[in-house]
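Form predicted alone, single chain, as structure tokens, below.
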């Protein structure tokens, strides 16, 4: 089932000015665009966190947390437009998002950093975000692809690949993870026979595939969004016989890959890494039980990260004691990192009481440890997804 948010619903969610007793936080997400199906569960995670907060005392003196949704379309320009809307029109005090790395880079550099508004992305993973001159305003609960690219390279090496061709879409996320992957695969002793950028949303990639297949690679490492170029590239590669085996990162993790390519063509031939949550973690289990109310899968990519980003911003507002962007930014590391009494998903009433008593809190997230480092980054935990005998994705955790 496709969980898409209509333009009319989006407009209704962000049409009214702030009311007394409300604290507005932007919810900037790629609700349309190449990964819309992946974004819907993330937004549901954000909304679940807001519901928990509002049902258990609200913010500060009982103010309602209102998430103002804006569509960044997984596109840099749209990210800037969405940022301008929530900051300059809706007057938000912080932002959850944006979804994709290009949209996040565009939004924070053009809008939120100059305006002094803190943001916490739940799914922007490009390594370039780490190095932003951000005045300590940009955070993320999604780990940098500096970790995922290395994990995928190690996985490829352990699978026996020694010669790979690489292609990546021309955007911040895919270019960033491809660079990390290539460096780590070559560092292990592997050979990259071709390394080619491609433009998304083309009808055919047969010419690019012909070039990529010339060096005798054993497989194709594909860094793309499934709805942008990824599915088309796999289809063209199989049609031409240029490649039969593929590996990819989480921009390709969607059931539509199986639906459009066919499980029989992918079983034993496709590996996709994904930033995941440890199912043995108590915080994840609490989140997963509550998330069932959305009707979506709590294991969906970055759904838990969306919950955590929203809960952290709320904790920072509570810790700051005011809906003041500068104070919220300063408070984010305080509520995310030790020392402090551990707070888990859903424990808003407990957190509120501790903060009111002047005690430190340390949020342990559904997505794992959300201890921010100096760059606003967090550690990573990953899975690899393959196609099982039933024609569905099967997940194995990388430890």
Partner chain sequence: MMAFLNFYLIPGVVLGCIYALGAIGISLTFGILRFSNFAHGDTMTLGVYITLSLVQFSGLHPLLVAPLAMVLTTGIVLGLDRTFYKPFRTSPAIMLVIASFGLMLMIRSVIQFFWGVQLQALQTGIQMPLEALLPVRFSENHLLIIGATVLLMMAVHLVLTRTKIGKAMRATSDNPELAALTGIDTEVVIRATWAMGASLAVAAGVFLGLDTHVETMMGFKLLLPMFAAAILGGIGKPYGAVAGGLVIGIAEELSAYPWIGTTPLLSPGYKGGVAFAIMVAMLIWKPQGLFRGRQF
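Basically, rigid core = biggest C-alpha set you can superpose within 1.5 Å across the two forms. On a predicted model such as this, the values are computed, not experimentally measured, just so you know. Positions refer to the first chain, counted from 1.
Another form exists, predicted together with the partner chain; not displayed. Remarks below refer to it.
In summary, among the residues 36, 60, 343, 355, the only one with a non-hydrogen atom within 4.5 Å of the partner chain in the predicted bound form is 36. This chain is displayed alone, yet in the predicted bound form one of 216, 189, 160, 241 has a heavy atom within 4.5 Å of the partner chain; that residue is 241. Of the heavy atoms in residue 265, some are within 4.5 Å of the partner chain in the predicted bound form.
The shortest heavy atom separation between residue 289 and the partner chain in the predicted bound form exceeds 4.5 Å. Residue contact check for residue 285: none of its heavy atoms lie within 4.5 Å of the partner chain in the predicted bound form. The partner chain is not drawn, but in the predicted bound form it has no heavy atom within 4.5 Å of residue 245. You can rule out all but one of 267-275, 308-316, 202-210, 151-159: in the predicted bound form, only 202-210 has residues with a heavy atom within 4.5 Å of the partner chain. Contact with the partner chain in the predicted bound form holds for none of 221, 281 and 388, as no heavy atom of theirs lies within 4.5 Å. Of all the residues from 251-275, those having a non-hydrogen atom no more than 4.5 Å from the partner chain in the predicted bound form are 256, 259, 260, 261, 262, 265. For residue 227, a C-alpha deviation of 2 angstroms or more is recorded between this form and the one not shown after rigid-core alignment. Core-superposed comparison between this form and the one not shown: the Cα of residue 83 travels less than 2 Å.
Once the rigid core is overlaid between this form and the one not shown, residue 169 counts among the residues whose Cα shifts by 2 Å or more. Legend note: Cα of residue 258 to Cα of residue 73 is at least 3 Å farther in the predicted bound form than in the depicted form. Between residue 300 and residue 225, the Cα distance is smaller in the predicted bound form than in this structure, by no less than 3 angstroms.
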